[in-house]
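First, one chain by itself in structure tokens, the form predicted alone.
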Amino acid sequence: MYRSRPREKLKDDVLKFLSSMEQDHSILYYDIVGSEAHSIMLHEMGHITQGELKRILSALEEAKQSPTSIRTEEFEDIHEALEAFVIQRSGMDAGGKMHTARSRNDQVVLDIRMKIRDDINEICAALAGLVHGLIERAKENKQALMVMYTHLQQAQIGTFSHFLLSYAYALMRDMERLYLTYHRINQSPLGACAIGGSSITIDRKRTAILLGFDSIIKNSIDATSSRDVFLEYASALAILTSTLGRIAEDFIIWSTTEFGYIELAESYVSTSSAMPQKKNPDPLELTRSKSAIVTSNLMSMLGIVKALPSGYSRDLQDIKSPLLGTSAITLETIKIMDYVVRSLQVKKERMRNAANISYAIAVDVAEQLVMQKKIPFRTAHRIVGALVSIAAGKGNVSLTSLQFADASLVLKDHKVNVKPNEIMKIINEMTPEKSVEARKSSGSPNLLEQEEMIKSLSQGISNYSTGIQKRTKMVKGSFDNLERTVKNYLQP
């Protein structure tokens, strides 16, 4: 339909190569409402009559109610197909005016901005649900003792709650990134036209208001050329899914027979075709791979825009697939993780037993030597390290298995004012419970610190949930108002 200069019809294989129809169906609704707002503005500015507007809006409403009635096989994209549909239904004298003072260049980025705007609100709402689930499970496990790990080696004693809250804090930062990106997404490019605006008098702010945007993108080149906000959005989702991948990896490890710290619900595992005993954490394994896919989508987008000249280039069409795919993958993955978190069973006794037979109290013993005997930390570090070596050499897995003679042997090599019975007393009194209780630093797994974190996170997620609801309500209110305006024009 757009072939005014070329005299020959596109060859079928070229049309197929150029077509973006596969991705465009997800933005058809936005193309329709964008066209409605633009047409109403054109009428208000005196460029089309009320009768012409009524015919255009009637065709657009038909497309909205029955999108499958739009023929797509002959066209390069949904924008061309929709305009052809409107012209067919309303006539060239009316429908042919719909594209006045508009280009596919500002039209496509308008549609994607509206789609991503809705995606952000939906993803943030799902993310809020996941964080809330983590907080609720943390409340249940504030005293569920657990070994914490560095380098996947036993490090210190903590709680299962402390791990869950760490995930919640990371996801809250993901929420913040998306929340801030929304403002930069929610700016209207409509009216920038192909690259340099229009000589026809239009009101860009009017269409922005009708479509629920906060403002317009001021510069017409910037409006049609720049994709940085989409890259920012995709980057935020790549970071978010990497967080989900880390949570998934922890849960996979902890659900193994060797660890046995958690058990995944029956409805969130798969099994083996050959081995009847298997409970495979397939949804969590796919969560890891989805993170890789989202990251690769971001890399594809960055590669596409790298060194493009200012002004629209057809390369930008290929951003749609990875961008919209990233939205869908992320939302789906958040929901899966939410189900897993809320349904998993915590094996508290198994975790406590693992803490009891570990060396994870070693740093606590060293710190008690520092506080009680006023010796340098590095000296205390060496003493406790030597004691661990002796215990390990005997095949023991706990410092409490050491004897008075072992302590005497180690202390003999260090010129410190510490007696064997004193260090043995510190070791024997340092239970996993005492280890967690003794740590009072801000952000530690101490019970009071956990309760403070739960309170802070709960307030934070409540604030974000309120903001998300307001944004969603504002967009819906704008679309409802647009729908009422359309109906008013369509009245007999």
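For clarity, every value in this text was computed on a predicted model and none was experimentally measured. Note that residue numbering follows the sequence shown and begins at 1.
Beyond the structure shown, there is the form predicted in complex with ligand ARG, which is absent from this document and is the topic of what follows.
Counting only non-hydrogen atoms and a 4.5 angstroms cut-off, does Asn121 reach ligand ARG in the predicted bound form? Heavy-atom contact with ligand ARG at 4.5 Å: absent for Asn121.
Against ligand ARG in the predicted bound form, would Arg314 count as a contact residue? Criterion: heavy atoms within 4.5 Å. Arg314: yes, in contact with ligand ARG in the predicted bound form.
With a 4.5 Å heavy atom cut-off, would you call Ser20 a contact of ligand ARG in the predicted bound form? Contact check for Ser20: yes, within 4.5 Å of ligand ARG in the predicted bound form.
Can you work out whether Asn105 and ligand ARG are in contact in the predicted bound form, taking contact to mean some heavy atom pair no more than 4.5 Å apart? Yes, Asn105 sits close enough to ligand ARG in the predicted bound form that at least one of its heavy atoms falls within 4.5 Å.
Report the residue, out of His162, Arg117, Arg137, Lys320, that has at least one non-hydrogen atom within 4.5 angstroms of ligand ARG in the predicted bound form. Exactly one listed residue reaches within 4.5 Å, namely Lys320.
Just to confirm, with a 4.5 Å cut-off on non-hydrogen atoms, which of Asp364, Asp174, Asp77, Asp406 contacts ligand ARG in the predicted bound form? When ligand ARG is considered in the predicted bound form, the option within 4.5 Å is Asp77.
Per-stretch contact check against ligand ARG in the predicted bound form, the hit in 373-381, 262-270, 297-305, 77-85 (non-hydrogen atom, 4.5 angstroms): Partner-contacting stretch among the options: 77-85.
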